[in-house]
Structures are given as structure tokens and as C-alpha cells.
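First, one chain by itself: the form predicted on its own, in C-alpha cells.
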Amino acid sequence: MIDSIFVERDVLDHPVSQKVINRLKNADVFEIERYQEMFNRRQQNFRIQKQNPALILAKKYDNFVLPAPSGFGIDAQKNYYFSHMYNCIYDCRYCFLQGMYSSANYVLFVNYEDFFKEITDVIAENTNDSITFFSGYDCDSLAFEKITGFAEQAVEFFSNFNSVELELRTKSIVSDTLLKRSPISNCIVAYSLSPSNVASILDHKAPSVERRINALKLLAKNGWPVGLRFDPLIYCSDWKKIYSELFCQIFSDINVARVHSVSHGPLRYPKDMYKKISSLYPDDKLFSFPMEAKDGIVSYGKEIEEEMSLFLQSELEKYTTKNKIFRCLV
């Protein structure tokens, strides 16, 4: 899975670094000074690197916790996100990370303790507000869990703060960390989902939608709050039919009380990011659809976005209450 590990000299002896290296016994290990010397190099080829990414173990020094972008989140008064890792082991065709980073290599920040310290400080500074912290903005929260062990530590940490919420955003079926312990009511395991035929074309290397649905249903049966994230919405000729079928599949045989929230959001990119991503796949059908550029954002356009949003809202209200459904615009 990982052939090469590059480790910053300052964290070579960090317990997380040592655990990761021991779990990837067959990988070659190289010392470096700072991760930026590899990750931020110019003229890297994201597509070629994605075929066999290296893992970089590094230390983060600041910006452990950041305000979530406007339009990202659910019903908390304040939304924050943190990124213990850059890049994802999956290769979803629409993923914004390939337009954000020049490198497809994975960066894991091993100083988890500093993330938790800053989260503690943010909680202390906002005692009168409801807060949600999002993991999985720059990576998948669970896909690399068997190597990193981050989610296990994060859940244990948040079990001490019942007044705030943690969302683990994922497409992974790796749920052993959660199933082996008692659930906590303030941790939402939120699954990114698309209709099966869409996911089979676009969600490269990710578990099938059927396996994701089975995983989220198992977590719900074991008492975990689950979130359903339909983002981005993909427009195609039979989109109404396939999204309706997806909702039926998800909500059959699930305790709806365990569904914490449902959100949906359109396919959107900043103009420069769209240009970069589409240039990686000049022949891909996803980027051959005539998109609309307005105010620096490339999208399907307001008419299609509104049509899809209204339809999803109507369909989802057949299964859950209106106050659990959110439209995210990022």
C-alpha cells in the first residue's frame, strides 16, 4: 500500500510516527527536514503521483483548528474543522483536493496532542455556543484509521466534551475502532453517498455504495449517530430516479432516530480550481457537461441547482423530518 515513508527529523521518535512505521514494516523510511520540501514542490504531476503516493509524517505548528467555510456545516452556531491529514487514499474524480494540492502524497501530522489542546481552547472560548468540529475536510476520517489510529484518539477525547459535536466524514467501511467501544452521542459518523451507478464511475478506489450503506446501518444498530451526506450532487439524465432509489435503499431497515442529519450540496468549484482539475481529465464525462461560470464559481448553474435541491428536499422529507435536512453551499 505504501512503499515509502518520509519522516521529519523532529518527529522521528514521536509515538505516532513509530506506530505508523511499525504498521508499515515493508516501507522504506527516509528522513527529511520539513514536509513542504516535498509536498509543495512545483511542477509535480498529481495524476502520476496518485498511482503510488508516499506517506509523509510531519509536525503541524499552527492553524490546528479553523472556522469552517461559509455554507459548510449543519445547525451548530459555530462550525470548525481540523485536518490531521492532507489528501485521501481514494481517487474520486470530482474531489477538490486534486485542485488544491500540487502533490498527491499523503501528509500525516503526528502531533495529535496539539490538535486536541487547541480544540480544548476553542471549546473554552465558546462556552455559550453550540459547536461542531468537522474531521474529514482535507482527508477521509476513517479510511487510513488502521495506520494512523487518529479517530480512536479523537473519539476518546470528545467523550469528555458532551456539549460539543464531532463529525467524522467518510466513505470508508473501516469501523472497528467505533464498534469495539461504547458509542458516544456527540460523535456523528457521516457517510458521503451517491447513487451506485454514479459512484461506480466517479468514486475510484472507494468502497461501493452498498458496502457504505451496510457499514452505516451497522453503526446505527450499535447506537452511533449517523449522518447522510449527498455532496456533491451529480446531474445526469435519470438523476431523479437514481437518487430516489438511493434514499429508499438507505432508509429501509434503519432506525431513523439514529440518523442525526442529512445534508446535500451542489457540484461547485472556484474557477481556477475547476480549470486545474478538468485539465487532469480532459476526456472525462464529468467535465464535458456545459458548466456555468459566475462570480468566480463554476457550477451546473442556478436553475439545475435549484431543481435538484427542491427535489431532494421533497424526497428526503418522506423519510425524515425537515429540521434534520440541510443544504450546504461551499
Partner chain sequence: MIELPTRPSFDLKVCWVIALEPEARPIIDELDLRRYANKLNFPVYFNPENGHALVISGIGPAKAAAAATCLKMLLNVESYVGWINLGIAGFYSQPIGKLYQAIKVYDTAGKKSYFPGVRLSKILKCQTLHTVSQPEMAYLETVLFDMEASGFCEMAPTFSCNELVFVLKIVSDTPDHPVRLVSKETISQLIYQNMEKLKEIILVIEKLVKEEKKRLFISEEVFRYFDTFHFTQSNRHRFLQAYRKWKSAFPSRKLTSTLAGGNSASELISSLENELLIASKNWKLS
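Numbering follows the first chain given and starts at 1. Everything numeric in this text was worked out from a predicted model, so none of it was measured.
Missing here is the form predicted in complex with its partner chain; even so, the following discussion is about that form.
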Segment assignment from 214-222, 129-137, 194-202, 81-89: heavy atom within 4.5 Å of its partner chain in the model of the complex: 194-202
Contact residue in the model of the complex, chosen from Lys294, Lys302, Lys59, Lys285 - any heavy atom within 4.5 Å of its partner chain: Lys285
Contact assignment for its partner chain in the model of the complex, among Ile32, Met273, Ala68, Val65, heavy atom within 4.5 Å: Ile32
Heavy atom of Ala190 within 4.5 Å of its partner chain in the model of the complex: no
Close approach of Gln49 to its partner chain in the model of the complex, 4.5 Å, heavy atom: yes
is_contact(Pro53, its partner chain) in the model of the complex, heavy atom dist at most 4.5 Å: yes
Contact label in the model of the complex: Tyr235 to its partner chain, heavy atom within 4.5 Å: yes
Neighbours of its partner chain in the model of the complex among 1-20 [non-hydrogen atom within 4.5 angstroms]: Asp3, Ser4, Phe6
